[in-house]
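First, one chain by itself: the form predicted on its own, in structure tokens.
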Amino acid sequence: MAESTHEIEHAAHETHSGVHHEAHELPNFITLLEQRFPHSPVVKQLQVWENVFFSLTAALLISFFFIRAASCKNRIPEGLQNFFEAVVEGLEGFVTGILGPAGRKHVPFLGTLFLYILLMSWSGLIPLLKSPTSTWSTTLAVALATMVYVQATGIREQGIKHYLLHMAGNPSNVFGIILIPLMLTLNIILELGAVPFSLSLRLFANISSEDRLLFKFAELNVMYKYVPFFFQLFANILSIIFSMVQAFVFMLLSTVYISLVSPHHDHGHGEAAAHEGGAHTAH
């Protein structure tokens, strides 16, 4: 037991190049394989692609369980089918509550986004696995995919002409036409740059902080022989909750971004407000 603990501690303080540094997350099985087989080309490739490996593992698990649940054709859902139907209905209710009935077509993307981020973040709580979302490259890739989806939605729903007018600030007079270069630059920076940057950085900072916290409590357990165990248990519970919150916030912001490029969403709310105002005036 002591030798195993020593091996994990030693692996946690190694980089991919074999140089010692201060670890910030618990070692995963690829780290231990590198310690055991330092010259294996297969292990070295796993190290290079470890974030992709764990990300793909999360994607495959989601695909497997949902395909398995969808294959159940019971008239009265039960077991796995019942659970996943409840999850899908909950996600659909949330998305349509913001985007309206037309937002149902965005549920597959937004729902998968939530589940994918959540499962990747929870992976770090499982021994010898890793949270890919604790690395900025992973969160940036997910945020860039979200940005592309949002902009593609804007082009599809508004048309290329109105989309370009939106990016130009919807000029309606000579002053607005003069400001087109400025508004176009600002919108490109904000919508194509700031959106993926803020989404990815928020998720990365929170999940990497959780991993650091878990690692420090694990160090205390090794140093003081299980005295801080209950504190680590509390930290694990907090990580489960905060990971869910971060996945929800990512999905919420993505839904809001879609609503901003959807012309029907704003129009529907304007009509609702007008009807409500008319009703109050009549009373």
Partner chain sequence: MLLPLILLSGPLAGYVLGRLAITKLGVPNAALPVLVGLGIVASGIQSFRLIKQIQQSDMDKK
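Positions refer to the first chain, counted from 1. Because the structure is predicted, anything quoted here is derived from the model rather than measured.
One more form of this protein exists, namely the form predicted in complex with the partner chain; it is left out here, but the text below deals with it.
When you look in the predicted bound form, the only residue of 137, 82, 209, 185 with a non-hydrogen atom within 4.5 Å of the partner chain is 185. For the candidate set 66, 257, 217, 242, a heavy atom within 4.5 Å of the partner chain in the predicted bound form is found for exactly one residue, namely 257. Each of 97, 169 and 175 comes within 4.5 Å of the partner chain in the predicted bound form, counting any heavy atom. Contact check for residue 148: every heavy atom lies farther than 4.5 Å from the partner chain in the predicted bound form. Contact between residue 129 and the partner chain in the predicted bound form is not found at the 4.5 Å heavy atom cutoff. At a distance threshold of 4.5 angstroms between non-hydrogen atoms, residue 87 is out of contact with the partner chain in the predicted bound form. Residue contact with the partner chain in the predicted bound form: residue 195 places a heavy atom within 4.5 Å of it. Stretch-level contact check against the partner chain in the predicted bound form with heavy atoms at 4.5 Å: of 176-184, 115-123, 67-75, 137-145, the positive one is 176-184.
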